[in-house]
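Given as structure tokens, the chain that follows is alone and in the form predicted on its own.
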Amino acid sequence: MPKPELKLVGVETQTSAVSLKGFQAWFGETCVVQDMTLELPANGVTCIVGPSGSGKSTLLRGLNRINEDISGYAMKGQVLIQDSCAKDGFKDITELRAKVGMVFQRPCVFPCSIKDNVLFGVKNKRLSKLERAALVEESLKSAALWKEVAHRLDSPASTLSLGQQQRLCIARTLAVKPDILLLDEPTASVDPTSARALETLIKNLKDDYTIIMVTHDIRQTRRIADNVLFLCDGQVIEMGSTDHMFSKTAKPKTKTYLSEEFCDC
């Protein structure tokens, strides 16, 4: 009998943006993610939490196949992005990554101007000068960065602060017009003020994008998440709305981790 799909506890039925069916992942002989069958809802913010080594980033990177660039990686099962298989439901991996954008823990800006960083993912598209300028402005406004850099778009991206660089990475990702935004601890390398600015940005984007985010910050999870997925030892312990996951009705292991940041799995 097939394993039932894990659905969110504490919320009404939601449209799924991502479905995992028997998803498993290895690095060499080590199984990092074990037989996950679950659905992640469209729109809103889903935070993936759990102790180090629980499979959070491996799961996140499996959604747009970035893990496949790493030697020794292997996976089994299905990853469905809006009902299309991530492995063979797209023309190529570039098409998949245009639909499922990703921002990493440390800002990764390219050695070129702020403007050219934003346009990096569309550099091969036939766009007029006016269209490119409009896309730069739109993307930077969406990333809450336009007012800070509008007067110096030709300056090197490296001259921005780390918090600004992270918002630039988000703007670059948004310029490709993805449906899903993957964030791997996006505030971990910035100062508290920049982290709060990024949290505000994420909350402002959630109505237009499906945001799936890995974080170690439990207080941050409570502030910005609509739904929470708790992993330990490569397995799903529980998934549900934020209200449920931080309530007395959550599983004992969930309550222990979210209140004490200690996992006894």
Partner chain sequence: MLSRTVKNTLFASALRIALFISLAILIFLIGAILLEGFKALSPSFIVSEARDFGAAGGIRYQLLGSLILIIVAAVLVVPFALGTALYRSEYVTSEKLGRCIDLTIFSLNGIPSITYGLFGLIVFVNILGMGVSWLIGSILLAIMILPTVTVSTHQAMRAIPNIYRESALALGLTRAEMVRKVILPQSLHGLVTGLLIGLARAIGETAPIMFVATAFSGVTWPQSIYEPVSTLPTHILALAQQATNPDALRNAWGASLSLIIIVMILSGLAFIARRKLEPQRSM
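Computed from a prediction, not measured in an experiment: that's the story for all the values here. Numbering follows the first chain given and starts at 1.
If you look for the form predicted in complex with the partner chain, you will not find it shown, but the lines that follow are about it.
Asks: What is the one choice in Cys108, Ala74, Ala133, Leu127 with a heavy atom within 4.5 Å of the partner chain in the predicted complex?
Replies: After the contact test, the surviving option is Cys108.
Asks: Within 4.5 Å of the partner chain in the predicted complex, heavy atoms considered, which of Ala197, Ala42, Leu38, Ile66?
Replies: Result of the distance check: Ile66.
Asks: Hey, in the predicted complex, does Lys123 get a heavy atom within 4.5 angstroms of the partner chain?
Replies: Residue-level check for Lys123: yes, a contact with the partner chain.
Asks: Answer for Arg61 alone: is it within 4.5 Å of the partner chain in the predicted complex, judged on heavy atom distances?
Replies: Arg61: contacts the partner chain in the predicted complex.
Asks: Within 4.5 Å, heavy atoms only: does Trp146 come near the partner chain in the predicted complex?
Replies: No, Trp146 sits far enough from the partner chain in the predicted complex that none of its heavy atoms falls within 4.5 Å.
Asks: Answer for Leu153 alone: is it within 4.5 Å of the partner chain in the predicted complex, judged on heavy atom distances?
Replies: Leu153: no, not in contact with the partner chain in the predicted complex.
Asks: From the candidate stretches 26-34, 45-53, 209-217, 66-74, select the single one in contact with the partner chain in the predicted complex, where contact means a heavy atom within 4.5 Å.
Replies: That would be 66-74.
Asks: Could you list which residues of 160-177 come within 4.5 Å of the partner chain in the predicted complex, counting heavy atoms only?
Replies: Read in sequence order, the residues that approach the partner chain (within 4.5 Å, in the predicted complex) are Gln165, Arg172, Thr173, Val176.
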